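Just the one chain here, the form predicted on its own, laid out as structure tokens.
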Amino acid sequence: MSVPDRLAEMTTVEAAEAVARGTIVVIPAGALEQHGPGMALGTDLVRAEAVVAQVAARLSGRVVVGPSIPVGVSPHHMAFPGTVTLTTGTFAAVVREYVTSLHSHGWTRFLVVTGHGGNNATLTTVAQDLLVSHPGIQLAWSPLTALAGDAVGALEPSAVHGHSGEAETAQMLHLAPHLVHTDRLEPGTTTPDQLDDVSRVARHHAQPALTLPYDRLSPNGVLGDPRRVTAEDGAAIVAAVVGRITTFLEEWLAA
């Protein structure tokens, strides 16, 4: 597999050549927020950068890895020490200015790969705004874990699962095991009866969506039981995510 083309490692001449080839810029985005007692605050960016690197290596010369966005929209985790959040307006401005800066040099297609679900709504808003302000720009975005529903389902996760639970922990055991303190992993909220009435409504219905702070959902910030998974489980999830993003980009490049 080839080495990914990273904008930060290019010269300005090489950047111009990449524009001339019609490359797509892929931007990893994450968060700096709690991931329970056993995983690093930067988990979401670590996963996004690793997936983007694998995708870019598969599509060498056809995509460019842009600058990462390390902090995201995380007010729902602010009860936990170490979490840093951007407002939706600030995050939107950062994405917009990354994209419009690169557009001024000739790039027109951008994919933001976010490891943090809290960024999703803002990314959609930015894409909508760019249709009006910069109609020459095409901005797409992608989550990670949501692309691997089959692989996640194979884990038979807890009735309540998600943040810092089975799927995220498995990915980190595969991609960055040195950032997982396996001796500190512990279950969080795993069943609906552990939630208060409002939290139970929020977790039971994907849509309509009700946003709540995570300290209300789980005392330790974990949804699920991260002790149940392995690096092999994470490899299956990552492979599915990389494959689906790669397929999307191949189709977009050919369009």
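Since we're looking at a predicted model, the values are computed, not measured. Residues carry their position along the shown sequence, with the first being 1.
Although not depicted, the form predicted together with another copy of the chain is the subject of the following passage.
Heavy atoms within 4.5 Å of another copy of the chain in the model of the complex map, among the stretches 187 to 195, 55 to 63, 224 to 232, 208 to 216, onto 208 to 216 alone. A residue is said to contact a partner when one of its heavy atoms sits within 4.5 Å of a partner heavy atom; Ala236 fails this definition for another copy of the chain in the model of the complex, lying far away. Although the partner is absent here, Val71 lies within 4.5 Å of another copy of the chain in the model of the complex, judged by heavy atoms. Another copy of the chain is not shown here, but in the model of the complex it comes within 4.5 Å of a heavy atom of Leu41. The shortest heavy atom separation between Met10 and another copy of the chain in the model of the complex is within 4.5 Å. Shown here without another copy of the chain, the chain has Leu32, Gln34, Gly36, Pro37, Gly38, Met39 in 18 to 39 lying with a heavy atom within 4.5 Å of that partner in the model of the complex.
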